[in-house]
Structure formats: structure tokens, C-alpha cells
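A single chain comes next, written as C-alpha cells; it is the form predicted alone.
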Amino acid sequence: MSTVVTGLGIVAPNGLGVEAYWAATLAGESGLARIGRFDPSGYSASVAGEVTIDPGEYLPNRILPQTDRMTRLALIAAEEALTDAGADPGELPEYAAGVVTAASAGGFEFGQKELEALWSRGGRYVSAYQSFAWFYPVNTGQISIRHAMRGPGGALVAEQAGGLDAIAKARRHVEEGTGLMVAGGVDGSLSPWSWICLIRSGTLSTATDPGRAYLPFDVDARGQVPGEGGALLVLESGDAARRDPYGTLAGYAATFDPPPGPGVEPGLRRAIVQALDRARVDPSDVDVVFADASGVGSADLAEARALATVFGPRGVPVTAPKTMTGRLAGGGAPLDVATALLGMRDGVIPPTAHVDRPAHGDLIDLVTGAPRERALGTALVVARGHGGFNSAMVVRRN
């Protein structure tokens, strides 16, 4: 049984909705800018990818007081994905549809506001909605409630690679007989409290120029830029798809890095090889790789070496359109999967923005400057998470 993608929903700093995001990505339009949500003057990092919309224009008023911003964005993406798939879960049997999402930190901004209320005014001013609005699985819960999806549910508490893990878990549910799954991630927490935590990771770029802040695989790489948003996908069995699918989820694997030490290889290459094996795809059959693109020089080099080992030096085009959105935590890899499917639909590889001095040109063929037209049959998406976990997913055009 094959599992196919029949619906996409995208909320990104450079575009709301699938086609707006796709047009901006092909045009090289970046959503990175100085943070506007709060004054970042006192912080060492000040650039992020913000989604500059008012969720109140898209959601019922009753939902707003009980949800963090990332949940509101997730509900908008879920609505688009289900509409795109032509699916109304409420019309399905009671347990025929489920949700699996990834989240890195939960509703951080909501939590900060409630803590401020607690400390400044007292406990009776803390919202009852704090009991769940901050919680990691809240996006899964709210999507399930809004769309009457009472089937399998879950949340992967992991950033970056967790987005692929969530899609893979939903794929298993489809293979086990669930009719429809919404999967992926819409993540991000851009508040002063969360910003301090991100800065403490030591990986954030301190550049103030949005066009020079996030430069993965560039000689001037100086760290990552966080963002908010992501993508949700509708998964169905290939035998029961409601519309022509975007593509098939052909293979997936996840690995952990071994304890660091001299000569110890990270686990990314093993994840890629295992995903290709499970998809029954030879490396020579892969048409494009959507890179993790850490933006940290040593991590970029490790990824470039892993790709060169599997595919040969410059053996496959590599791209990182996330340079236009920032790294979206649990939403980043699902957005890469959605972007790969759109690239296969239209026969084009979106560019890696801002990078003009590639550092590893002997190892990888990085697509920069402009989109590269090419028939795409198979794409590989890779992602790494903080702490040493790796995931890889193979998607194939139907």
C-alpha cells in the first residue's frame, strides 16, 4: 500500500497559502527581517522569520483567547490542507481521520503572558486556557477538535527532524488502515522568553542585515535564523485518494548521532542510506536534495560530507529554500516536503537565497541565485534536530 499526499497547507514568513508561498520562493523573496513582535534591541540576535498576518481574520473569535499564535497558524494551515484535498473529516466514519504534529516548545508566547499575569497581578488573573494552550500536543488537539478528527493522534516533541518523524508516524497510521491523516508541523515561538532560550543554544546568527544573517553552506555562515510557520499535509492511501496526489511518501529513516569524539561520524549519512533503501531508490535516481542547512559552519560541512559520500561529489543538486523563511523548528522539514512536492509538480528546483560564496563547492552542487528547471521524479528531504537526531524522507512523483 502506498501513502500519498493529497493536500497541502502552508503558513510561512514569505507567503500565506500554498501558491503565495510557492510564488515567493521561486522569486527568491525572503521573509526574514528585524523582529517586529517585540523590541529586540537588548538581545544579541535580532533577525527572524515572522508571519505577518492577523489570525483573527481567518479564525472564529472564540478560538483566539484559548490559543497561542503557533496554534492559530496551525489551524489556518490545516484548513487549507483539508480544503486542498477535498476532504471533510466530519463526513467520514467517526475514527477514520487523525492528526500527528511536531512541536519544539509548545505555546511559549501564551505561557509568557500568563506568567506575567501571575507575577504582576496574581493567580486569579491567569487564564484557564493556560492549562493546555502551552502544551506540546495542543496543535494536534485543536485541529482534531475543530475538524472532528477522532482517529489516531499524536505529537512529536522535537524540532527540525521531528517534522519528518510526525509525517512518518502518520504514514504508518494510513498503512494500518486509517483513511486520512493530517500531519506535519507549524511551529515557532517568537517572544522575549523563548528568544532568550534560543540565544542560549549558541547557534543564532548575530548579524543585523536580514540578507546576510542566514547563510548555510557559505564561507560567511554565521549561524541560523529562527522563524515561525510550517506546513501540514493530508495523507491518504494511494488506492483511496480523493484527488490526484502531489506525490508518494516512498521511504523514511531516523538515526541518532553517536557520542561525539575524534573520527566519529554523525548519523545523518546512515539516515539517508536507510531512507533510500526503504524507498528502493538508488542514489543515482534522486533528482534533488532539500538540505537541513544548519547555518553553523561545522554542521554545514558535516552535512555536505554526508551528501557527497552518498551521492558522490556534486552528484545531485542541493537546495535550501528555508534561507527565505528561517528555520521553523518542528515546521521546517514539513515545509521542505511540501516544497519538494511543488517542485516535482512544476519541474523546478527553488533556489537557496542569499548565498553567493559557497563554501563546499567541491562537495555539493548548491542551487543558488535562480530556480533551476529540471524534471523531478524523486526528492530527498533531510533534517537534523538539536541534540543529535537525524531524519530523512524520500518523496516520489506519482
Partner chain sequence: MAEFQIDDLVRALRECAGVDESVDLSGDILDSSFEELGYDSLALFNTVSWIERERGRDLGDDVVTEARTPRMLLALINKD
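Only a predicted model underlies this, so the values are computations on that prediction, with no experimental measurement involved. Positions refer to the first chain, counted from 1.
There is also a form predicted in complex with its partner chain; it is not shown, and the following applies to it.
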Notebook entry, point to check: Counting only non-hydrogen atoms, which stretch in 325-333, 40-48, 345-353, 61-69 is within 4.5 Å of its partner chain in the predicted bound form?
Noted result: 61-69
Note to self: Give me the residue from Ser201, Ser284, Ser127, Thr208 that has a heavy atom within 4.5 Å of its partner chain in the predicted bound form.
What the structure shows: Ser127
Next item on the list: Using the partner position in the predicted bound form, report whether Ser131 sits within 4.5 Å of its partner chain, counting heavy atoms only.
Entry: yes
